[in-house]
Structure formats: structure tokens, C-alpha cells
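Starting off, we have a lone chain in the form predicted alone, written out as C-alpha cells.
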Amino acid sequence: MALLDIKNLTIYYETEDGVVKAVNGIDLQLEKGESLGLVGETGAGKTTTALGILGLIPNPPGKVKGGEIWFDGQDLLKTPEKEMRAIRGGKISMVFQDPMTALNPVHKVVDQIAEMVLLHNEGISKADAQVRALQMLEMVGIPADRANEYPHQFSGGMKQRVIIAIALACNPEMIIADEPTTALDVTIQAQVLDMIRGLRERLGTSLLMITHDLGVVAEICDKVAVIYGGEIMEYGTLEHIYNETAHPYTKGLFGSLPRLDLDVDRLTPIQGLTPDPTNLPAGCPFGPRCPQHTEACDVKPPYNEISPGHFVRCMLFNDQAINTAGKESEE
């Protein structure tokens, strides 16, 4: 059984201006000790999926309209809020996008880590929690003599290290990292990614990495799910996605990246704009931007397994599907 198994998850935001169809029947699996990259443009549904896992969809306006989220054999969508509070931080931790705003500016960093330890370890003393907090700071490369400083005394990269220390403080089974390097410069990004990879391997923690950066995914992930318009377009191992790229959208993402081995004057962007989630196109959400669009694409494409472990939601591969019994998420 997978550690995380998401089945046909659907999440909408019901507003006065219309229904925002943020996540539309996605399926995802994450094994113990594995890292999965969830890749897509802004507005594709990445963060909403993460918030859905943690039970943090704001209601109103957000609503989980259907599906299941199984974590370690437990359906999180049917778990009482009191129990979810113990799971958040204790079993599943989240590293948020902006390190500048994720820390409390009026508390010392050591106290913020110790607070997480106290919340999720019944009976532990404050002194032991402080010791654990100091150990976590050392683990992420921050000297213990800086433990009593405040967030404003740290650089962006060091703040992100503190956030990662908080996320790991209770030895969670899974970490959700929501674009953890977006606000950092390139050299600091590399340091933070190296640290995340090293800590994950050392602690055996599963990782869901949410990003729009295919370079980050190549560095840190075992498997990749490409999301667009709230649907998984392509899913597979790094080898599948990077060397056997199938979906036109995934090809478009790679085509828009600069390459050192090609001498070109301009990059090749994907034409058009991401769809309005209140008015998604019929059939394939990528259809209006797809260079290989046909009339057949105006019908909902099936989610087919085109080779073992490699799934694609595209009419172009409908005839190449192998046996996918139990894998299709929609009729």
C-alpha cells in the first residue's frame, strides 16, 4: 500500500463570480521514502492539492467535492479535525513557499521549533523540547549559538532552513514542500535543495515537491506528475518524463527551457494562456493551446498507462494504452 494514495480528488472554490474548478479528479500515489514532483504552471492546482491533503482548504469558499485521500491506510477526508491537528506537523509537515512570511517575527527561532516539538509530543518537557530544537538547527546547518536570534536577523536562505527544521522536528512520515526555493537566489536554491535531498535520504522521509521548475524536479525527485487545469496530464518516473516525454503539454514545458547544447536566438514558449478555471474548455483542458489538437480532443481524454508506470491523459495515446484495470479515474 502506498503511503499517500489520492483517488479522483475534486476541489472547487464557490465564489460570487463563479465556481473555480481548481482540482478536477486527480490520482496520485507516493510510496514510503519516495519523492514525487508535482509540476505545473501557476494556477494549475498544485497548492490546492497540498492544502486538500492537510485539510486546510478554506471553507467557504473551498469545498472538496469528491474523491479520497488515503494516508498510511487512513482516509484523511473522513478524519475528525481534532485528529487532523495531530497529523499536521506530526505525520505530515509542510514547507511553505515564502520564508520571509512563514516565521513569527516576535519569537526566537529556537522557540518556534520547540513549540512544534511540544505540540506533537505529549509529556515532553520544555527543556527537552529546546534540546531537540537545537539539534534540528544543527541538522540544517545553523550553528546553535544563533538559536536565540529572531527571524529578521537571518537571511532568506537561513530562514528557509529554519522552516525545514520546524517541518522535520517531529520526524514526520511525509513532507510537502510548496515551491520552497522560489524566493531565494540561485546559489542559495542549490544549497537548500542539496540539504532537502540529504535530509530526506538520511531520515527516510517521503517528499511531495510542488514546483514549476523542471530543474528542481530533476535534482530531487524519483517520480513526476505534470498537472494542468487541475488534471494530471502525465505521470511516471524521471526516465519516463525526461527521456520518453509523451504529452504535448510536457513537451511544451521542456521546449520553453533554455538549453546549453542548442544555439538559438529565442526560446519556444507554449502559445496562449492557461485556462480560466471558472470556464474550463470541454474535453482536454490543454486543447486550445495544443499544436496537435483535433476534434477528438473535445471529449474528455482517458488516463491511460502507455508503458508500465507511465500514464498519459491524451487522445494521441488512446490506441497505445496497455491494460489499465482499476487505474482510470473517470468514465
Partner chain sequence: MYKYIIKRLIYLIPVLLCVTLLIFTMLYITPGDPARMILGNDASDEAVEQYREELGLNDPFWTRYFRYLVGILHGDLGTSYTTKMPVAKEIAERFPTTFVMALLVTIFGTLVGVPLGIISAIKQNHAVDYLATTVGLIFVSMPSFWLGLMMIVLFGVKLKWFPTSGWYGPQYAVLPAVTVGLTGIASRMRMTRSSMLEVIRSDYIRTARAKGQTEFKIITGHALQNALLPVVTQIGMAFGTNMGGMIITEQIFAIPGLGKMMTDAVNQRNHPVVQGGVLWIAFATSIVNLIVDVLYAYIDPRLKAQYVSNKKKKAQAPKEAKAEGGAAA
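Residue numbers count along the first chain shown, from 1. Everything quoted here is computed from the prediction, not taken from an experiment.
The form predicted in complex with its partner chain is left out here; the points below concern that form.
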Is Pro143 one of the residues lying within 4.5 Å of its partner chain in the predicted complex, judged by heavy atom distances? yes
So in the predicted complex, does any heavy atom of Leu184 sit within 4.5 Å of its partner chain? no
Can any non-hydrogen atom of Glu115 be found within 4.5 angstroms of its partner chain in the predicted complex? yes
Within a 4.5 Å heavy atom cut-off, is Ile220 in contact with its partner chain in the predicted complex? no
Within 4.5 Å of its partner chain in the predicted complex by heavy atoms, the stretch out of 237 to 245, 256 to 264, 99 to 107, 70 to 78 is 99 to 107
Just to confirm, with a 4.5 Å cut-off on non-hydrogen atoms, which of His212, Arg200, Arg88, Lys251 contacts its partner chain in the predicted complex? Arg88
Considering non-hydrogen atoms and a 4.5 Å limit, which listed residue (Ser155, Ser125, Asn171, Asn121) is close to its partner chain in the predicted complex? Ser155
Within 189 to 219, the residues that have a heavy atom no more than 4.5 Å from its partner chain in the predicted complex: Gln191, Met195
